[in-house]
Every structure is written in structure tokens, then in C-alpha cells.
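A lone chain, given as C-alpha cells: the form predicted alone.
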């Protein structure tokens, strides 16, 4: 194929590999470069594998490339949040009142490996252990260095920077920020995370409920757990860095033991490797990255986390990045053959939705650690579940984001926030939600939705 048909994808994570597959399916000679080793041959670094929640937007992208059903074979359905209080009491909070609505726990490594296999089956060469060191966004020139120090220059008709939150392609854009009026912000949470685990129980059984996302909410911090097909749970501890309940205050094994006995006592019997994992696994930061334009030159586009990294608390980071590829694919049908027009249309259509899910992810962090245990919030969720069961046109904010892939994130945010505001007000005033007129409530919620849409 000619250079005119050659496209370069920098970054072989989930978004980049999905994109490479789709571009190859569309007939492009696609080259994929990844700085890390092939995870099918080497294990992911301990403590950095945060499980993913695959939902409708991500499933739509996998369906586009023909891998939806194959991916679902390695998922575990999660029907709701299993809340653990300090006394060990459990309460399941369903994600939706609609039967069948659920999200799916999936291993990042397993999904990425599946995508690698498909890319190679289609003839996409993947260059592992190869770092991008420079790029010219206008000419389509990209310079790479492999693990042996060999430098290679590659040219393409289009270059996609899918190289994550630490994107080199974005760094190249920042060098010419005055020329293209490039805006960039990176905002860290005061909280970080550490990954732990729950191993299988006797006979390879699940030690805690299999089909739920487990949350230990503790007002200003929390711990969550996602199930894996091998009956393990990936546990992630989210704490502030500073303060008496923060990472900085936990220095010794004795500190870890005391901390868990105080805040997560019901988890201790299920975590026999707690002290070792806490010592050995890294403590990492969490932040939101925003930038614009994503079209950084005539032949270069930022996509996925390179354009809009978000915190993980809505379970939408991967789903959002996958949806980027779906939207890009739709625009390529509209503006076939003109990369500059495709990139310009993509960023204009997608930016507001990326900003919306970034904001929603931070909102959900507060909700998961704090609001889920609040009596008024609990009433609201009970009411929402009932409305979703009995009124087909009603969708909660969570359902709009998670189960309505036909609705943009920005619309889901506007409508969902209006609904939440009204429902919380109603539930705060009502002593018993049983006294609330459901028909009238739905009518008022429809008005709120129309106001938000307007």
C-alpha cells in the first residue's frame, strides 16, 4: 500500500489497539507502536491493573469490530453496589430498576490481550518495547526508539496519539502551544490509590458476593472490589495522601493492621496477603487531564486518555475512549478521505462529552465514598429503582450515562443533574417515600428533562 494509505497509531493500550483494528478493517495499512512489553508474554506490574467496568458504550465499540460476544465471555456481570458498613452489614444497591441492566467486570490485561490477538490476526504489526521520542504533527513524521536504542523514522498519512495520560504526542503539541493555541490542564485529586486483592476461597469459591461491585464507603475515603473469573477480587484502596486517615499516616505493618481493623474489619479475614501487598504495591496518584485542540496538526489527532484522562469512579474511562473510536468511525463515513476535516469534526463533536464525563467521574467519587450511606440518598435510589421498573421512559443519571449509549455524555449530565436535584429535594421533604405520587413525580421529572435539553 502507498504512504497515502498508511496510518500510525502511537500507543497500544485499549484505545489504541481498538483504533488500529478498526482502521485496518477499513482498509488502511495500520502500524501500531507500544512502549511497554507484550503483556501476553510478561505480567502487568503488580498493583497497577485496576479492573475495568465494561458497559454499553464500550460494548458498542467491541460490537463494531466484531468482538462483543468474545469479550463478554471473560466478564463477570455486576448487578449493583454491595455496600459494607463498619459493622460488616451488607446492602445491595442495584444499578438499575430494569431487569438485565448491569455492568461487567473485566481484566484490563485480558481485554488488551484479546485486542492484540485480533489486531495481529488482521495483519496489524505491533512494535512492542518501542517508545515514541518525537513527532511532527503536520508532516506525519514520527520518530521511535526500540529497547536496543535503534532509532526509526516513520511517515504516515495520519498519526493518532493514543499514548495515554503521559502522551508524547501531546507533549509535542505543547511545544507549539502558541502556534496552535494549545490549552492543557492536569488536576490531581488529594486522594491516591493502592491495589490489593482477595484470593479465592475454599475449593476455588468466591469469598464475597460474585455479581456485585463491592464498596466500603467511609465518608472521605473508601475501598472497592471487583470480581475476576478466577474467583479473586481486585481491591483498590482510595485514601487521601495526607491526614490521620491518609496514606502518609500508614507507615508500618502494625499501622496497616490497625487501620483495617478500624475501618474495614469485615475485609481482613478475606485478605491473607494484606500486609505483603500493602508493602510491595505502589501508591499512585489520580488526576484529570484536559486539553484542546486534539487536532494538533494537519495529520495528527489525540484520542482516548491522551486527550482526556479521567478519574475511574464512574467506570467510564475505557468506555469513553472506546466511544471515541465509534464517533471517529462515524465521522470517517461522513468525510471520507480528508483527515484534516475528520480530525476537526471529531474534536468539535467530542470535546463537550469528554468534559462532561470527567466532571461526572469526580461527582461519582463523592457519591461512592459518602452519599451512598446517606439516608436521603438511599431514599432517592430506592425511588429511582421503582421509577425505572414502572415507567419505561425514566432513566436515572447513572442509567443515562451507563446504559444509554445513544445519549451523549453531555446530555446525560445535564438531564441527570436536574433529575437528581429535584429527587433529592422531594426525598428530603418526604418522611416516607411511599406517600409520593409517582405519576405526578414522573411528570415533573419530564419537565426537568425538557428544561435541561433546552
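All figures in this text were calculated on a predicted structure; none of them were measured in a lab. Positions refer to the first chain, counted from 1.
Although it is not shown, the form predicted together with a small molecule is what the next lines describe.
Just one listed stretch, out of 196-204, 316-324, 292-300, 67-75, contacts the small molecule in the predicted complex at the 4.5 Å heavy atom level, and that stretch is 316-324. None of 379, 108, 170, 218 but one reaches within 4.5 angstroms of the small molecule in the predicted complex through a heavy atom, and that residue is 108. Comment: the small molecule is not present in this chain, but in the predicted complex one of 80, 312, 97, 140 has a heavy atom within 4.5 Å of it, namely 312. Not displayed here, the small molecule is approached by residue 164 to within 4.5 Å at the level of heavy atoms in the predicted complex.
Put simply, residue 414 is far from the small molecule in the predicted complex: not one heavy atom of it is within 4.5 Å. The small molecule in the predicted complex comes within 4.5 Å of a heavy atom belonging to residue 36.
The small molecule is not shown here, but in the predicted complex it comes within 4.5 Å of a heavy atom of residue 132.
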